[in-house]
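Before any questions on binding or motion, here is one chain by itself as structure tokens, the form predicted on its own.
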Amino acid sequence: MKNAPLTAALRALLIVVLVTFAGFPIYWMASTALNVNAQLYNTGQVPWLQFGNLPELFRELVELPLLRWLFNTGLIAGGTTALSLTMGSILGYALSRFRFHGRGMIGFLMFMTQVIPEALLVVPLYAMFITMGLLNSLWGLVLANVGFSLPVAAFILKSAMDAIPYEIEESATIDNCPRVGILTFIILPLIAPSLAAAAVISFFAGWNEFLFAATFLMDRELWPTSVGLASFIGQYETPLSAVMGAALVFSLPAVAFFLLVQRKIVAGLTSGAVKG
């Protein structure tokens, strides 16, 4: 009891340090964005926020198709998340509740998708997209990203489903509840933290998409924000203030999404790790 105030003070100090450390990149992006290019390339960056340069930054961002790029990024991330959770729930339920030949091989192949680097698959995927008519298509990017995020989502959901007693499903079966109803109305609500964890992983896999988008998309209007930011790099000059301003706008939705679901992430990632 005597050490309680000291412990609370140390805990508060640690929280302040961690928040400062985590928030500094965002602050530095805002500070860089509010410096004009003449300052950045001549006198050097001013570390504090200069709101007097805000109209100039706003004018530079308006001239860019930033909203269109953000919409494309949101479409890729949202489609990847929705498809990964839908298919991952079904696949995780099948691996958790059914015993069939090849079950171990399916799990091994799912694991191998995380070992193979994306760059190794660019050429075969490019050939497949030409054949299937998915080249220069946002939905093609969604399918490409699902191929990498689906196995992770399925593993997380399977681990959570393994911890749910099978007797709950037997009770629902006695009441003539179909398999789809059991999965939708009984299992998934019980593993909501794991769904949140899988959603975060799938969302960021689509939100940070760059390699496939830079390879498969030719139209500038279809670019996600990551590819749009990379296009600012010029041979002789790069508008750093505009790049950092657009990067800040690009980062804020992802940060907000993470903050909304952060409470369930740890519980979802550790669900099923310990059997009680």
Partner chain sequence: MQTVQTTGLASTSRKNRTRSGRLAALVPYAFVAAPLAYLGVFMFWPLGRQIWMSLTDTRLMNPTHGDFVGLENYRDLLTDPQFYTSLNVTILYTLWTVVLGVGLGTVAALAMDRPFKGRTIIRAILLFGWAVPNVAATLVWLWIFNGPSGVANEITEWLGLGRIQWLTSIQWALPSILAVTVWQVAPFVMLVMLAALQSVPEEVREACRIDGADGLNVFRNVTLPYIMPTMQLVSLLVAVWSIRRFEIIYLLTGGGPIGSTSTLVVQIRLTAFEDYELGLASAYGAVGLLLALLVALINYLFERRRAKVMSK
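Residue numbers count along the first chain shown, from 1. Just so you know, these numbers come straight off a predicted model, no measurement behind them. Rigid core (definition): largest C-alpha set, two forms, superposition within 1.5 Å.
Not pictured, yet referred to below: the form predicted together with the partner chain.
Using a 4.5 Å cutoff between non-hydrogen atoms, residue 91 counts as a contact of the partner chain in the model of the complex. None of the heavy atoms of residue 177 is located within 4.5 Å of the partner chain in the model of the complex. Residue contact with the partner chain in the model of the complex: residue 193 places no heavy atom within 4.5 Å of it. Taking the partner from elsewhere, residue 9 is found to have every heavy atom lying beyond 4.5 Å of the partner chain in the model of the complex. Within 4.5 Å of the partner chain in the model of the complex, a heavy atom is found for not a single one of 66, 71 and 159. Taking the partner chain as it sits in the model of the complex, the stretch 211-229 comes within 4.5 angstroms of it through a non-hydrogen atom at 211, 215, 226, 229.
Once both forms are fitted on their core, a CA shift of 2 Å or more is seen for residue 26 between the shown form and the other one.
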